[in-house]
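Just the one chain here, laid out as structure tokens, in the form predicted alone.
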Amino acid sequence: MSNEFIQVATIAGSDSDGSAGAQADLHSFFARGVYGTSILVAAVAGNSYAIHDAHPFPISFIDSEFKALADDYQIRAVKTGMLANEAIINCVANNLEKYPFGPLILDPVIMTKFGDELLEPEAYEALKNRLVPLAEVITPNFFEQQKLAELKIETDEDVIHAARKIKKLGAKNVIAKGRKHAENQTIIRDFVILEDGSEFWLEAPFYPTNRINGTGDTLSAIITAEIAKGENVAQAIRIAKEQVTQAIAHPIAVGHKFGPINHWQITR
């Protein structure tokens, strides 16, 4: 009877304010009815105003976390979040190649939604060369699409071209997340290209709110949960998009500035 309940894992940093990172992933796993485990690679001291401090964990400890889960649990799908540096990225890649943790959903966390770099060049190359080829699904934001595809994106055709280039890096399925780019924008559009070559756009209303922390984490976590439950990739992405939209559409008053999305709006 052991290990029959669906189990998943997040490989990410711990965010002390609970709005993003492993905490957002675990909120999402719970909301979608799967058991979430975590492999923490760093800890971040932050709140709704800013990140104030961050510390990566030792490689030996991260290795121990992987082994501890592999020795006991049956992980059916796994996702990554912020991986901090080259050594951690290589450690994660080595362990994912070693242990049968199921499909990898890669939230690349290369650049912020504002275009700020999060990885040093060596770490970026390690992520591109080691983790992208292992990904069942990759979920880059607008600026990460430009970085990975080495392409300036200005039109829908550019989005499609970039997603195709990212797929050629080895990821089986790509969801190229849209962004707000005009004052009167009312729709957010994501582009999806699947392993079999089929392509489609997803649209959702744009909600002007600063309660959007953890949006990317939650999207990739729900995709992880749905794939672990047996959904195909296309349906997992559609479910995640719908649920995240609802979480943004019904904000909660937590923190003073950039608050979290509302995981209570995510349903099974």
Ligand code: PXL
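In this text, all values refer to a predicted model and were calculated from it rather than measured experimentally. Don't overthink the numbering: it's just position in the shown sequence, from 1.
One more form of this protein exists, namely the form predicted together with the ligand; it is left out here, but the text below deals with it.
Contact with the ligand, judged by heavy atoms within 4.5 Å in the predicted bound form, is confined among 110-118, 187-195, 155-163, 88-96 to 110-118.
The partner is absent here; in the predicted bound form, the one residue of Met82, Leu127, Leu148, Ala171 having a heavy atom within 4.5 Å of the ligand is Met82. The closest heavy atom approach of Val44 to the ligand in the predicted bound form falls within 4.5 Å. Heavy atoms of Gly13 reach within 4.5 Å of the ligand in the predicted bound form, making it an interface residue. The closest non-hydrogen atom of Ala247 lies beyond 4.5 Å of the ligand in the predicted bound form.
Proximity of Ala20 to the ligand in the predicted bound form falls within the 4.5 Å heavy atom cutoff. Interface residues of 201-220, taken as those with a heavy atom within 4.5 Å of the ligand in the predicted bound form (partner not displayed), are limited to Asp217.
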